[in-house]
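Here you get one chain, nothing else, as structure tokens; it is the form predicted alone.
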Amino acid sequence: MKQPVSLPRLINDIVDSPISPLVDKAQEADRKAIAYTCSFVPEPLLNVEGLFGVRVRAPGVSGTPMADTYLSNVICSTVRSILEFVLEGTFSSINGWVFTASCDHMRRLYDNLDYLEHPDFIHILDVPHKRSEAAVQWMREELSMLAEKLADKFNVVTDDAALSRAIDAHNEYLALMRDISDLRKRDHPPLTGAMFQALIAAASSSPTDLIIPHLRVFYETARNAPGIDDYRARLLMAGSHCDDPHYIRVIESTGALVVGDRTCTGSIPALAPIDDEGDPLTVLARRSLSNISCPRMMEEFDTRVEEIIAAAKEFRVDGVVLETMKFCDTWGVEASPMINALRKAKIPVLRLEREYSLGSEGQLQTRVQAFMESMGK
């Protein structure tokens, strides 16, 4: 496909690096980097003045021999890859870690990192499986404890006013990314799905205030650029963790164009604005629990199906690619009924199971090409 715009060089550099160069720049200004690994962590809480959140990735990991020593062979390769980089010292500049007990795999990552590395600051949030008011209050207490620990350890302010400022700043980022995402709804979008995932990955692994100017430059260029008009099919990608733009690039090398992504590292519903009214901790707790893209929220299956169907209509896709990480327990249970439900709604679905590191590109291309041919594309 002909691509009318290209990504800024800095974005490509960040995507290919485990630690963004903007992290170093922020730390030089005496700000502390707090790493997290799951979308249930509310970013504004890690972005109060003096701190910034970094969603860690493991781009370029070539194997996990050291992590394999400590983790069971049925732990997903996302966790395995991040632990490998931890043991290699790749994340030695990180000042603190925040985890969620979102699944047993993430729990094992927390356990092993705490046992092997003894970080100066490490905390795990116990996330409810429901969205009731009782669950919101539970989550609020969890966030309150984290806020107190962050304030004590790093000598920062995490009161209501500080959190409200962090929410406002994060909403600025979310609004900009929604503008970029909306460009993908055009008949001829100016950017590919791989480009969009690169922007998301770069932004989530960098201080938000430092990455926004670069995102704004890209948006101003892209919104006035001609669109891509030689694609064969519009696809929505749904499923589990996928922070690798190169994976989407292989899918799009077949002529497909990924115009929407409903993964825990994607844009739907992650880019929805955060409520700026009311008690900030309650707002953030409610926001975290509204993230039902992960099947760990077991009572929300029907809502997940409805949201994927709605997104498929909104982005006018020809089909859905359901990508799941190998050994992901929750998606392993949900994938089959999800496929049945989408096909019942007359939406073509291709299921792809993958490892964290990209491999077997030819096989992936063949599967996607066959899927498009089955749709007459």
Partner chain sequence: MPKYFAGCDLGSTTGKAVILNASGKVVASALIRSKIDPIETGREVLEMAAGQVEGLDVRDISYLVGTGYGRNEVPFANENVSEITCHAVGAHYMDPGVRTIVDIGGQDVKAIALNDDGSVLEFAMNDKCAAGTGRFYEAVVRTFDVTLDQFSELSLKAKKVVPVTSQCTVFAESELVSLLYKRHPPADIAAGVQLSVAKRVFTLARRVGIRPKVTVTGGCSKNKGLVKALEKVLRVDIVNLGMDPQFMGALGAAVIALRKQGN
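What you are looking at is a predicted structure, and each value in this text was computed from that prediction instead of being measured. Numbering follows the first chain given and starts at 1.
There is another form of the same protein, the form predicted in complex with its partner chain; it is not shown, and what comes next is about it.
Candidate site Thr303, Glu314 and Gly332: all three near its partner chain in the predicted bound form by heavy atom within 4.5 Å: No.
Interface segment, criterion being heavy atoms within 4.5 Å of its partner chain in the predicted bound form, picked from 55-63, 316-324, 348-356, 24-32: Within 4.5 Å of the partner lies stretch 348-356.
4.5 angstroms heavy atom contact with its partner chain in the predicted bound form for Gln365: Gln365: yes, in contact with its partner chain in the predicted bound form.
Contact flag, Ser360 vs its partner chain in the predicted bound form, heavy atom cut 4.5 Å: Close contact exists here: in the predicted bound form, Ser360 approaches its partner chain to within 4.5 Å, heavy atoms only.
Partner contact for Gln369 in the predicted bound form: its partner chain, 4.5 angstroms, heavy atom: Gln369: contacts its partner chain in the predicted bound form.
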